[in-house]
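So this first bit is one chain, no partners, the form predicted alone, shown in structure tokens.
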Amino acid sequence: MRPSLRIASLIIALPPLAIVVWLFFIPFLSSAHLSFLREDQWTLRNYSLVWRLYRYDILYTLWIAFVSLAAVLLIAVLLCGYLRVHTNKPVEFLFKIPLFIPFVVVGHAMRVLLAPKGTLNSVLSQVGLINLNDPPSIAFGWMGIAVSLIWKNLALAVLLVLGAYRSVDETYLEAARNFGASAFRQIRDILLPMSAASLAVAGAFMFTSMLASFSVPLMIGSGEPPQMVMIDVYYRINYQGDYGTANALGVVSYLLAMGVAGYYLRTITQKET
């Protein structure tokens, strides 16, 4: 590459690089620095508190994120396969609607829908499936949070996975159909293997988003331990004024997200090469 092109490429790359440094790396370094301070002294006490008080919350957060991600990807793989083999614009539009709904609205809607005497149980009671005097409920627990995150992130998954499926040449699917392959076999043997890298990218995006969930767990969660990590950060700052432990929790969240981001970058690099 000629020196002039290198300089032009560097100039083009500088603004987004500056944004990443300003909005991510500098806050991360500041948070990491504060996480080692307690009463203006360098110490590991903040991380000791995180381990002693919040290790189960970290595992709880990872559990919800992994379960939600697995469910979203499974639904998206099958649904987008159907939409790729049998085009259905109304169905595709309906599944993309959650993309434009804020998380706080999703949290409130799911709270109303999934509450013990919420909309879902009220409808089921009308047909005699449940008794409203002793109603079942998946709200205010990990299942309610997972259902909310699945519904919200499914739109993004459909957008990314369907785009990857549509990049697969139609001739592959035609050849499979000529040999009698069903729609499921076309998805399993052609679309899924040829879109594996795009699925990894979609998974990385959604997993980091789920790790950082705040509005949905705050509105759907039980309010008792275990909690998702972002709720712990919120309570540690606003109710205890403990910025050191809150920053330690933030650093742990950063590291978890950076692990997924590293996998994403490696996948993108391999795809380009």
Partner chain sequence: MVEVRVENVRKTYGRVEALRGVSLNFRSGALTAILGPSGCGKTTLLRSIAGFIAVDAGRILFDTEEVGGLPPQRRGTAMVFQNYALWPHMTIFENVGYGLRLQKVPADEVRRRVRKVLELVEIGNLADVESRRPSALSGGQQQRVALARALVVEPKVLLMDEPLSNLDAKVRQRLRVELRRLQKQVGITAIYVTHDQEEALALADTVVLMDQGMIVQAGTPQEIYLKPTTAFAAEFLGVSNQLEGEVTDGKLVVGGQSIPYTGAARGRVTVIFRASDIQMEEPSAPPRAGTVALTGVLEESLFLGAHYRHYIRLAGGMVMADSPDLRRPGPVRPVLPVEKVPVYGEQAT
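The structure displayed is predicted, hence computed values, not measured ones. Numbering follows the first chain given and starts at 1.
Omitted here: the form predicted in complex with its partner chain. The next part is about that form.
- In the model of the complex, none of the heavy atoms of residue 199 sits within 4.5 Å of a heavy atom of its partner chain.
- Contact between residue 190 and its partner chain in the model of the complex is found at the 4.5 Å heavy atom cutoff.
- Contact check for residue 71: every heavy atom lies farther than 4.5 Å from its partner chain in the model of the complex.
- At the 4.5 Å threshold, heavy atoms of residue 78 stay clear of its partner chain in the model of the complex, well away from it.
- If you check its partner chain in the model of the complex, you find no heavy atom from any of 36, 39 and 53 within 4.5 Å.
- Scanning 93 to 121 for heavy atoms within 4.5 Å of its partner chain in the model of the complex gives no residues at all.
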